[in-house]
Each structure stands twice: as structure tokens, then as C-alpha cells.
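Just one chain is shown here, as C-alpha cells, and it is the form predicted alone.
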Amino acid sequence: MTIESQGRVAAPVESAADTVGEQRSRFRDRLATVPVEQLRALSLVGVLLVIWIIFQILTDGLFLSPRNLTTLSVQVAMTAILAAGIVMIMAQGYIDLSIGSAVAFTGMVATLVIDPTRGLGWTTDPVAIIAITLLSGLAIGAWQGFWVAWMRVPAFIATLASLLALRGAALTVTGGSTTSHHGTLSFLAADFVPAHWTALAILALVLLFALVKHRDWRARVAVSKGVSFLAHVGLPVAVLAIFGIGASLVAFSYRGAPLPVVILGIVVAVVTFVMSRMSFGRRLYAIGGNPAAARYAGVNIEWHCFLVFAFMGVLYGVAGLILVSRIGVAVPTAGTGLELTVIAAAVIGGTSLFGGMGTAVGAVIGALLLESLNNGMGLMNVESSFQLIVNGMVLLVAVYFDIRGRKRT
């Protein structure tokens, strides 16, 4: 073969290689336009699906049964509500170690208002009890926000002090014994929203989400060409629709949507709206990304910090009500280690420990992943000590990827 013929043969090979390289380059360019939070959420969904399939096989079809999925959703609700709230705190670069003690304390407040033997026995009106409990949580959050925002005490120390003080207060007031709500609050964990209303709510949510994503996509296209409709609109909407269909089928197959899950949906919707659609939420990210720059830009860091901790306090009350409604009594030592689970869920869901990054949806997926592991291993009769090891390893890997992502940016 001559040199000339060799050149003619090699040319198409080089052309094909160039074409593949160009395609890869275009794929990377389009991938770069997709928000990091969306990529992380989609990857977590993939990991979650793999975990579910594995447990479905190992438990002989028990894991994905309607009854177990309903149980799993109730288990996830309380953790996910708190994880959605702590995203707003961690987005500023702060931390909250008082969650477990605060939830136990607010739950105790709810039962003390009811219990006539070991408590005050003021009222059995659920509306009044819920209001008092939420106000007690708000007071705890406002107290912590005051010390962090204006007294300049590091959030780690301020919330650690609350962890100890609230636990001690719960033990002192109750004498270390339990207090009961005598079934007054049982409806919070036992009631279900009818399946047809659940399906309609999910349909409305998917349609609203599709509308918002389409609007965002059009705004991005107006600024920069080549923004993929499939990546920005089609894929996220399809994933949500698939999960919505699955949730609807579970609701129709069992008893409907548990009330704690409905409360979770409301909390996530509020936090997501504030963080993504309001200037207040964007300022939280700015504070976590660069506090000095945010202050020079006119952001009142102290008020933002105080308000977020106060909102987190309300979520203490919500979680405390759900906790006591599930177990029937308030236990002074309840919620031990809950703060670590909540922080782990947020970090696994993409919230950075260094501030400036995180979403409520990601935190909920992180909570669902952790509780899925615990639920699946529980069905397999795996010892609780081994479950802690698995959760610790999952958290370690999540923080590792968070640090690597920070270095790349």
C-alpha cells in the first residue's frame, strides 16, 4: 500500500474521531448549563431507585408493598420536615445541634398542656394545643437566633447550649417520666387524606412544577442559546410525574396519604418558594457564599439569621407534635441523635456544610434515602448497630463529594 493510499484510508478514521469528540464536547457544554442542584437531585433519585430495587429483591417483594411504603413515608416525614428547615440555616453557613432536644421539649409541652395528672391539664382542644406547641418552638428558635445574630455567639455553641439546656429542662419538669396526650393528638399520625384528593393534589403539583420549569427554561434561552429543553424541563418533570404516579397508586392501594406527608409537602413547598423565588432566599445563599460581600451589598445579615432560626423553631413544634402523636407519649429523652440524622439528610441531599448551597427537595431526598436504608435493613432484621455504620459511611461519602465539588468550583 502506498503512502498516498494510506493517507486516504486514515482520513475517514480521523474524521469519525473528530465527530465523536465534537459530540462529547456539545454534550458537556449542554450538561454545564444544567443547575448543579438539579444534577445532584437526579443522581440521588437514581441511587434511591437502585436501593429500592435491591431491598425489593432481598425482602422478597415486601419493601415496595403499599403498606410498607406508607409506613416509610410516615417515618421520613418528621426527619424531612426538619431537614428542609435546616437547609435555610446551613445555606448561611450556620449549624443547629439542638434539633433533637428541641423536638422532645416541644412534644413535652404539648402533652403537659393536656395531661391532668402529670401536667397542667389546661385544655384538650387540638387547635389550642397545636398553637401553644408551635409558639413554644418559635420561642426556642427566636432565643437561639438572638444569640447567634446579635450576640455573635457561634451557632455551634449557641445550639449546643440549647441541646443541653432543653434536655435538662425536659427531665426536670417531668421528673424523668413520660406524659401522655391521651389520644388527643393521635389524628396527626393516624389520619389519612383520601386517595382521590391526593391524586388531584399531585397532578396540580406536577402541572405547576412543569409550568415553573418551562418559564425558567424560556428565561435561560433568552440569555443563552443551546439550553436543553430536555435537561431543564423534560427530565425533571418526567421524574416528578413518575414519582407522583407511584405515590397515587400507593394511596389508592392502601388508605390514602398520611397527614404527616401532607404537612411535609406544605413545608417543602414554602421553603422551596422562599429559597428559589424570593429575594430573602437568594440573600441567604449570598450570606453563606460570602458574608462580607453580602454585608457590603446591603444585606441585613442579623435579621436574616434571626428569622431563619425563628422559622426553624416553628418546625421544632411541628416535628414535636408528629413525634408525640406517633408514640402516644412525650419522652424526655426522645430525639437523641435526631440532629445528626437531619444534618446528614441535608448534606446527602446536596446542602453544603460551608454555606451557599442546598435545596429543600434535595434534603427530602436525602432523608428518604437514609430512612429507606434503615427501613430496608429493619425488614431484613439487620442489627441497629450495623445500620448506624451504614448511615455513617453514607454521610462520609456525601461530605467527600461536597468537598470535591467545592474544589472544582
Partner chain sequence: MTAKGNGGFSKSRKSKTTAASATGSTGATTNPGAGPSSEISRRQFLSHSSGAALTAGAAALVGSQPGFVRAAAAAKPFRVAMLLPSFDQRRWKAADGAFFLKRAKELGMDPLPLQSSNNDPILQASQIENLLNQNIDGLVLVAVNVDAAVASVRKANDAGVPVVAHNYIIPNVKLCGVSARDGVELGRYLGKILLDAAPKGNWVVNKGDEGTDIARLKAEGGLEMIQAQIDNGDIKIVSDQWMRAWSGDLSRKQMEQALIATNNEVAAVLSYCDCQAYGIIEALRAQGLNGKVPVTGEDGEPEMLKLVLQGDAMVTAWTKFDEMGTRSAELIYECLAKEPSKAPDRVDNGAGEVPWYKAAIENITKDGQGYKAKSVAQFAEENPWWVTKDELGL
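Numbering follows the first chain given and starts at 1. If you're wondering where the values come from, they're calculated on a predicted model, not measured in any experiment.
Keep in mind the form predicted in complex with its partner chain is missing from the figure; the text below concerns it.
Enquirer: Among 248-256, 86-94, 132-140, 145-153, which stretch has residues whose heavy atoms lie within 4.5 Å of its partner chain in the predicted complex?
Expert: Stretch 248-256 is the one.
Enquirer: Within 4.5 Å, heavy atoms only, which of S177, S276, T124, N300 is in contact with its partner chain in the predicted complex?
Expert: After the contact test, the surviving option is S177.
Enquirer: Since exactly one of R282, H182, R295, H214 fits, which has a heavy atom within 4.5 Å of its partner chain in the predicted complex?
Expert: After the contact test, the surviving option is H182.
Enquirer: Please run the contact check for E383 against its partner chain in the predicted complex: heavy atoms, 4.5 angstroms, yes or no?
Expert: Contact check for E383: yes, within 4.5 Å of its partner chain in the predicted complex.
Enquirer: Does V270 make contact with its partner chain in the predicted complex, using a 4.5 Å heavy atom cut-off?
Expert: So V270 does not count as contacting its partner chain.
Enquirer: I'd like to know if S352 sits close to its partner chain in the predicted complex, meaning any non-hydrogen atom pair within 4.5 angstroms.
Expert: The answer is no: S352 has no heavy atom within 4.5 Å of its partner chain.
Enquirer: I'd like to know if R118 sits close to its partner chain in the predicted complex, meaning any non-hydrogen atom pair within 4.5 angstroms.
Expert: Yes.
Enquirer: Hey, which residues along 76-95 are within 4.5 angstroms of its partner chain in the predicted complex, non-hydrogen atoms only?
Expert: Just M78.
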